[in-house]
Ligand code: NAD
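Just the one chain here, the form predicted on its own, laid out as structure tokens.
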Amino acid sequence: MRFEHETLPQRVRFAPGDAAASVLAEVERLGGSRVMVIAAPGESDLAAQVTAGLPVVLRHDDVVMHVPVATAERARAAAAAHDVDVMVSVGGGSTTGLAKAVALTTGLPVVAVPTTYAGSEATSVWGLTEGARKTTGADPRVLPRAVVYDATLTLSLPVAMSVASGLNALAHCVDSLWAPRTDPIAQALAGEGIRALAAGLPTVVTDPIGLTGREHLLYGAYLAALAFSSAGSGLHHKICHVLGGAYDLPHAQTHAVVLPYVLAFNAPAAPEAERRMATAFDAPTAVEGLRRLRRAVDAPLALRDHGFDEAHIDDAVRAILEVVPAGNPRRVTAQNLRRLLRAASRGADPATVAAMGG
């Protein structure tokens, strides 16, 4: 057994019903005296509650999906103008992503308070979009210094969005099992993440106001992000980053739709990873386990339901082929990628991609 695994330096607090006190403690630990709070307009009231006791000098709500470069530049300028020394992000992946974009050029510390299951808060990965192209990278400066998980903050997240966000987290796990830098530790984290997410998602659907399912999702999303941060982006994420950046598709729903197709495509060529996933799903196969889960939670089915036009498939194929990760379990060609995207666009049976030729 020979591998290298990097563990990221970050404090994590699971604090159901106690987010405000936990955030205050983390800001004080960082010596923050001029706090910038980043939250989208729809979460401004929630952010105000969570940050009520902080020395806030700026509340910034200019949050845009996929973090356009212009949006990031405005946030950086605002932070500089107010002499900010700590940022607190309250929200989903776009909010966390904007805080990371500011940290990337300023080095300002971030305390992240997630309200979805995006997982961005636990990685050193950043993403920016410019000219319909999403660029991602990794930098230790963008890793939030602390994360506060409070399941009560996710209770307002609608069930359908909870499902899409949870499946996005699941995609981190699946990709981590065959990503370029995967290792036994990342694979163990991913397997436990799949188990937790597969348990939590149906519970949230049947009991939306209960905390048990949502705590499982936060726990699973955190493990998924740890695995992903170490293993790197696999084929699934490369596909979704191209689609999201080029066609402005909703992040979580895109991941939720594409996941079963990439799993069906790669699983036959990665038997060890497939067995680990099947065990985590408690199913005969990984594909069957994901199929059962998606059916139980009424998962998003087709990219065309979320704004994707099949007329863009050829352009998308060309862009994706440029970023296909080395060592993907199965050879990716223009032909099989085109068929995968067409199936995902229409919501066809994912089993149809398993036997694709070149």
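Numbers for residues come from their place in the sequence shown, where the first is 1. Since we're looking at a predicted model, the values are computed, not measured.
Not on display, but discussed next: the form predicted together with ligand NAD.
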**Request:** Check the shown form for clashes with ligand NAD: superpose the C-alphas around the site so the partner sits as in the model of the complex, and report blocked if 3 or more ligand atoms are within 2.4 Å of backbone or C-beta atoms, open if none are.
**Result:** open
**Item:** ligand NAD contact in the model of the complex: M161, any heavy atom under 4.5 Å
**Value:** yes
**Asked** Is the gap between K100 and ligand NAD in the model of the complex 4.5 Å or less for some heavy atom pair?
**Response** yes
**Prompt:** Quick one: does S230 come within 4.5 Å of ligand NAD in the model of the complex, counting heavy atoms only?
**Reply:** no
**Prompt:** Hey, in the model of the complex, does T254 get a heavy atom within 4.5 angstroms of ligand NAD?
**Reply:** no
**Asked** in the model of the complex, which of 309-317, 292-300, 54-62, 36-44 comes within 4.5 Å of ligand NAD (heavy atoms)?
**Response** 36-44
**Asked** Does each of N266, R304 and R342 have at least one heavy atom within 4.5 Å of ligand NAD in the model of the complex?
**Response** no
**Item:** Answer option from A186, L157, L108, V242, heavy atom within 4.5 Å of ligand NAD in the model of the complex
**Value:** L157
**Fill in**
Exactly one of L153, V84, L226, V262 comes within 4.5 Å of ligand NAD in the model of the complex through a heavy atom, and that residue is L153
